[in-house]
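As a starting point, one isolated chain is supplied in structure tokens, in the form predicted alone.
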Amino acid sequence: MDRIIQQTDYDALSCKLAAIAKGYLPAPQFSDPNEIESYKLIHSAYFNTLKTHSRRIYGKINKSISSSFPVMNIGTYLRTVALDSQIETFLQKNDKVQIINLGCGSDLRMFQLLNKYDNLTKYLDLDFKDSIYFKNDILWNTELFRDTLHLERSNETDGELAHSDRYKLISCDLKDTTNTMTILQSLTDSQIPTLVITECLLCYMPQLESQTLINSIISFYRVGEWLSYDPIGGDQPNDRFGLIMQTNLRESRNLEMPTLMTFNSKESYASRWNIISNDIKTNIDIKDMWEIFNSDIEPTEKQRLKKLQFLDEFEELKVMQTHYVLLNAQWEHAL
């Protein structure tokens, strides 16, 4: 099952590269003009280097890019800009911060963020061993990546591979909370404001393991913020989105989302971060992606999106985006 879950990273990478190829990303509304070419260059270099490591994966992703549909490209656009916007807000409001990207896969945010924010003292990428070693090979074998991240010689002690003073690439099984927390405690500072990112990670974890991970991280860091992007099954009597998604995943990939129908609404999904404690103050905000499309995307940006590809599946886009959520949970321990 773990190996099947790891394969979903290639889907996410395909979607990101397709959205870039079609002009959806980077989005002018959320991007500094000086960063746009750098953004494209980083992703292009990663994709081109991937070809030398696995022609099979390269071919699969290349095929997906050429056949991408607008409904998927807009979904990837929303997912990316919504997360990026909240990440930047966190970085701009704190003097000294650290970021932990759990289930990072092929995500490349660390390049822009480490380059742009001197107050970002540490950026950790964590994922399954196979995913991390694959990413490590690409980073180490690309001069642009080595130079940009200031990578040092690899050191496989405790699963740590590519690394610099500020960037760590680490292999671990996130279902093993004890080992995960041992790693985080050794590499990060519990007193520094900490941002945790999970993109389509918790939906693949069993309920007990995911809740234990959430509770452990919130208990360890004095001040923190958690950004989590996931699908929800839907809680209305006539809503079959989650059931159909589960059936399709089982039949096509033998893949399960254990909590898709357990946390099937915004309220139930957000309840996982409601830590009942006199010592911890929490504030939780959650929106579905359709709400974000209507509230956060400027009219001029919506017009730009319309011109990129003809979209005749507008209702399908709405249904899909109302079943994906972005949660922002903030917490602070009493002094």
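The first residue of the sequence shown is number 1, and the count goes up from there. Since the model is a prediction, treat every value here as computed from it, not as a measurement.
Although it is not shown, the form predicted together with S-adenosylmethionine (SAM) is what the next lines describe.
Contact with S-adenosylmethionine (SAM) in the predicted complex, judged as any non-hydrogen atom within 4.5 angstroms, is confined among 214 to 222, 260 to 268, 184 to 192, 128 to 136 to 128 to 136. Residue contact check for residue 174: one or more of its heavy atoms lie within 4.5 Å of S-adenosylmethionine (SAM) in the predicted complex. Though the partner is left out of this view, residue 329 does not reach within 4.5 Å of S-adenosylmethionine (SAM) in the predicted complex, counting heavy atoms only. Using a 4.5 angstroms threshold between heavy atoms, residue 71 stays clear of S-adenosylmethionine (SAM) in the predicted complex. Of the heavy atoms in residue 104, some are within 4.5 Å of S-adenosylmethionine (SAM) in the predicted complex. Proximity to S-adenosylmethionine (SAM) in the predicted complex, defined as a heavy atom within 4.5 Å, singles out one entry of 204, 123, 226, 77, which is 204.
When you look in the predicted complex, the only residue of 81, 196, 200, 161 with a non-hydrogen atom within 4.5 Å of S-adenosylmethionine (SAM) is 200. Residues 5, 6, 8, 9, 12 are the members of 4 to 24 with a non-hydrogen atom no more than 4.5 angstroms from S-adenosylmethionine (SAM) in the predicted complex.
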